[in-house]
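Single chain ahead, written as structure tokens, the form predicted alone.
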């Protein structure tokens, strides 16, 4: 087994009680093919601690009711817990008001909400929307749809061989026809951490609003939307130790008030007649129908859990894991790491000479090592780096250095099995 060097352990690794943390996640005790599960697919979905599972059970068994429109005990209790979860979101991202925090089904839903509510109101023929070359499909396709519908143009910030965006090229794209900048905070395929404050400031200097896809950032680094100055920020619960089917869109009140609702139905209205409908106030204006009540409450519990550990602590721990993994994987001949930006989150995408990523992932699974293989909903990234797919190991604070060793050992075994020199 490799030994950790002082340079890779990091200042906080010795004091981080990972075994205590791991004991809080039931799934981490699962065995795969008779071997301990090594879960390195956290960029797709993080695992859920027992306290979040317990919160789901408590809600479903003792608190479940529809919210907002009844006066009986269960409804008032469920409403209070649902709105308390909204305030936890507000605190987690330091939003000015809980009214600016909209519950969605996830990051994709949140971005589509902005596309519909802002884009279809303010983007016209000849206008431009700026995205980057490292976006997830969720922050490309909605804007393509809007551009096709309105006769607008999608402009793309290029990416270097290291996986870093060109700020100079971005500045050159800014102009009077740009109506929105939609940019990832952290690349899911490369791990690149974008210095988004610089991009936001540059866009705002031209009066252009900015949407940030924070799906890969919010679980791993502190996010302060007021300090960032962004106009919209989106993230998903299932990447933050919470359930699927829940996400958040933060939006500045001044924009949300001007936007048209994405969906029509119950609870997003103040009054309805066959002649006219008056929409509700924010955030309810964008939460039509029965919302994901249980999921929102469970997300609130997950945010409490992450805050108790500390986002700074999480970021340091995951940085140490990434550094250690990068060192180990880089020592394997025939492996190419895709994405070598100076600032990276705990994502390690790789290709191995002579082995397709899907075959590599299948073999790693035989050893209980779970990684993601494919294009990671980022096909333009794969095209840019001239690869069909990658095998992606993504780390969370509950992973261990021994699990990194297991990944490296399994990669070495793959070379032997496939006869790659």
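This one's a predicted model, so the numbers in the text were calculated from it and none came from an experiment. Positions refer to the first chain, counted from 1.
This protein has a second form, the form predicted in complex with a small molecule, left out of what is shown; the following refers to that one.
Enquirer: Report the residue, out of 106, 283, 117, 209, that has at least one non-hydrogen atom within 4.5 angstroms of the small molecule in the predicted complex.
Expert: By the 4.5 Å criterion, the partner-contacting residue is 106.
Enquirer: Scan 86, 238, 179, 155 and let me know which has any heavy atom within 4.5 Å of the small molecule in the predicted complex.
Expert: That would be 238.
Enquirer: Report yes if any heavy atom of residue 132 sits within 4.5 Å of a heavy atom of the small molecule in the predicted complex; otherwise report no.
Expert: Flag for residue 132 set to no.
Enquirer: Quick one: is residue 319 in contact with the small molecule in the predicted complex, heavy atoms, 4.5 Å cut-off?
Expert: Contact with the small molecule, no.
Enquirer: Determine whether any heavy atom of residue 136 comes within 4.5 Å of a heavy atom of the small molecule in the predicted complex, and answer yes or no.
Expert: Contact check for residue 136: yes, within 4.5 Å of the small molecule in the predicted complex.
Enquirer: Closest heavy atom of residue 215 to the small molecule in the predicted complex, within 4.5 Å or not?
Expert: Within the cut-off, so yes.
Enquirer: Partner absent here, but in the predicted complex, which of 120 to 128, 230 to 238, 249 to 257, 270 to 278 has residues with a heavy atom within 4.5 Å of the small molecule?
Expert: That would be 230 to 238.
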